[in-house]
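Read the single chain below, which is given as structure tokens and is the form predicted alone.
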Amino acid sequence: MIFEKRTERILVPMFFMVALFLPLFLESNSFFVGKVTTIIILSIFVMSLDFLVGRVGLITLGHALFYGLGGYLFVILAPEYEAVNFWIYTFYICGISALIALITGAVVLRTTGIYFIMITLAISQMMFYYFFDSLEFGGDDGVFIFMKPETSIFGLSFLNLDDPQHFYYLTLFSLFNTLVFFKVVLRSRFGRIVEATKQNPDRTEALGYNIFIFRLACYVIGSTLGAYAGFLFALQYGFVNPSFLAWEMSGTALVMSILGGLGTIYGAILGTFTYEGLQYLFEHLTEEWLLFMGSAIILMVIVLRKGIAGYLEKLLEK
């Protein structure tokens, strides 16, 4: 089975069943449909980071580089006032992002530990300031996306991305595919070797495996899916700006991953929904919401040592 643990077999179907019918109950409230759509997109981004940090052991503060590139690549590639095909441009964006990840990964993976964190952060901030100072891409205001792509396949179109509900189901489908993809990868022989490179890299290398190649492959996979999430976010709101690439984006995603349960993969969904839910709650309760938000996160990290997923597994795996 794809989902090994009892907790996953309970929570994952439950979540997607609820998410599948959620727009039917929120049909009259497009704001909440949009809000949940945003959280689902962020869940894809956090999941890609959780894979790198929790399963591969690559702690990075530069993952937002690819989140921002996903949006900017669409602006660069697509005609400004023409509706392009979503599936073709998804292939273009993911392909170019994978190539950029391959090149940057070949450099950053020569380092480890704190040096890896610093070099990924430095590259991300370099791109942040490039787009921040670029008049061609709107500087700190960013660039608007005037035409959303069309989704036809062989002349048949089932989704209208201008419809919030249609876009919601596209992102939900993407999240499900991302989750299943990571679970399949981790259960494969490739995934077992990746686990070994994290647990004991010296012994893995002694067995004849080139751990650099395996880590590079994982870096490309995680970065490409991070770019796809950024592409979806840019399409939802119709703009992209340098804040997509800021280190705060990477830091927030890392917090969400830790809250959910580092390395659990499905915990990325729990962590993202919890973080965004708490932020929405505190923002509407008080102007000093950051104080309460920080306190809640500190408390959760202290109490839930292995994240929300770890706590639920402790309850359900007995």
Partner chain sequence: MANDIVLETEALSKHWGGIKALNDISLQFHDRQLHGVVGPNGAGKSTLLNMLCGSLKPTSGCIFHKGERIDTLKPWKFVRRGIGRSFQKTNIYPEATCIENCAISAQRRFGGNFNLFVSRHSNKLVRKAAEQALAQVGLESRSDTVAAEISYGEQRQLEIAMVLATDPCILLLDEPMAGMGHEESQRIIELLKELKQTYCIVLVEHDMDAIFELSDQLTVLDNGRHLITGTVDEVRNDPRVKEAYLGAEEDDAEEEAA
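Numbering follows the first chain given and starts at 1. The structure displayed is predicted, hence computed values, not measured ones.
Omitted from view is the form predicted together with the partner chain, to which the following refers.
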item	value
Contact assignment for the partner chain in the predicted complex, among Asn200, Thr111, Ser157, Asn85, heavy atom within 4.5 Å	Asn200
Residue among Asn177, Ser188, Ser243, Ser134 with a heavy atom within 4.5 Å of the partner chain in the predicted complex	Ser188
Triple contact flag Ser295, Leu299 and Ile302 to the partner chain in the predicted complex, non-hydrogen atom at 4.5 angstroms	no
Proximity to the partner chain in the predicted complex (heavy atom, within 4.5 Å), stretch among 192-200, 94-102, 136-144, 244-252	192-200
Non-hydrogen atom contact Pro79 with the partner chain in the predicted complex at 4.5 angstroms	no
Any non-hydrogen atom of Ile213 within 4.5 angstroms of the partner chain in the predicted complex	yes
Tyr129, heavy atom within 4.5 angstroms of the partner chain in the predicted complex	no
Asp163, heavy atom within 4.5 angstroms of the partner chain in the predicted complex	no
Residues within 4.5 Å of the partner chain in the predicted complex, restricted to 202-218 and counted by heavy atom	Arg203, Thr204, Glu205, Ala206, Leu207, Gly208, Tyr209, Asn210, Ile213, Phe214, Ala217
